[in-house]
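Before any questions on how it binds or moves, here is one chain, the form predicted on its own, in structure tokens.
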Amino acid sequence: MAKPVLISGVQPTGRLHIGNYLGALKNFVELQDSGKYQCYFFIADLHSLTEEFDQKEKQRQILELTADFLAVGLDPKKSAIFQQSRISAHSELASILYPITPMGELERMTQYKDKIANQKENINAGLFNYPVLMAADILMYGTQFVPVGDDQDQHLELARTLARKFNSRFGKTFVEPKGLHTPTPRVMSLKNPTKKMSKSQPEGCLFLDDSPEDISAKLKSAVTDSGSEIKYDSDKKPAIANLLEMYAGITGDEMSKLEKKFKNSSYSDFKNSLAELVASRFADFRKKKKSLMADPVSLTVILKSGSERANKVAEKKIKEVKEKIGLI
């Protein structure tokens, strides 16, 4: 019996931070290593074009994200690691899905509204149509499970809707995917615990390849709440709650255990402890990433091999889709 298919992608738009790790990459590795799934993890370079970018930097960012994938523990022998733009069937399937996608579904997308509010100088059609291409990314591989953050739930539901609509009109073709959430669905900014951690605001980020000194400095300057108690309360103490979630996300400890551990600690002591934990956790990652980035040819070979593997599946599916709608 074939293992269920699992897929997820990450945009190559700069250095990854601890929110990316706890919200996605940590889960990717655990799902891969469970041996329960056929795993596909891709560099979502087409999606990344919806934001301002430097074309000279884009290829470096693609290779850097590939290095991040490998350094964190993804294994090209266990998972297909590929580049979205190398699989032309993704864009082709998106074009086929556009006519069955209601405009109203796209207009109500929360992420679209947030994006256009934050990049008013670059409101483009790619942002609006992003969820359709994402649906194509997912549906292409007969995907049953998608590890996503809760901010992608709307997009995943659209993929399910489009699968149902296509299947109803043209016959059973696509699987309706289900989401898999991580225990830490989102990490908030060190500077503003009401805002999600974002690489566009680097001062509020703990990047995975930050030096121990940078990690310590950033956590020392992270905002805190009134009072002095190390207690998990996302409403009354959102800043400390955010730091506790980071700690728990790395160690797997229950909040009650952490509250007991730091019961008599000051905010400063707790931040120092978290800084040591983060620096230690990503020491191997920093070393591996540096080594991988020194050999871009090997990274390119891995991406090419993974893309060829994914393309075999994608070409078969796009042929089936075309036959169903009468294009072949």
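All values derive from a computational prediction rather than experimental measurement. Just count from 1 along the sequence shown to find any residue number.
Beyond what is shown, the protein has a form predicted in complex with ligand AQP; the following relates to that form.
Although the partner is absent here, residue 20 lies within 4.5 Å of ligand AQP in the predicted bound form, judged by heavy atoms.
Using a 4.5 Å cutoff between non-hydrogen atoms, residue 306 does not count as a contact of ligand AQP in the predicted bound form. Of the heavy atoms in residue 222, none are within 4.5 Å of ligand AQP in the predicted bound form. Ligand AQP is not drawn, but in the predicted bound form it has a heavy atom within 4.5 Å of residue 187. Here the chain stands by itself, but in the predicted bound form one stretch of 214 to 222, 191 to 199, 80 to 88, 229 to 237, 191 to 199, has heavy atoms within 4.5 Å of ligand AQP.
For the marked spot (58, 92 and 133), a heavy atom within 4.5 Å of ligand AQP in the predicted bound form is absent from each of the three residues. Put simply, of 241, 250, 206, 148 only one has a heavy atom within 4.5 Å of ligand AQP in the predicted bound form, and it is 148.
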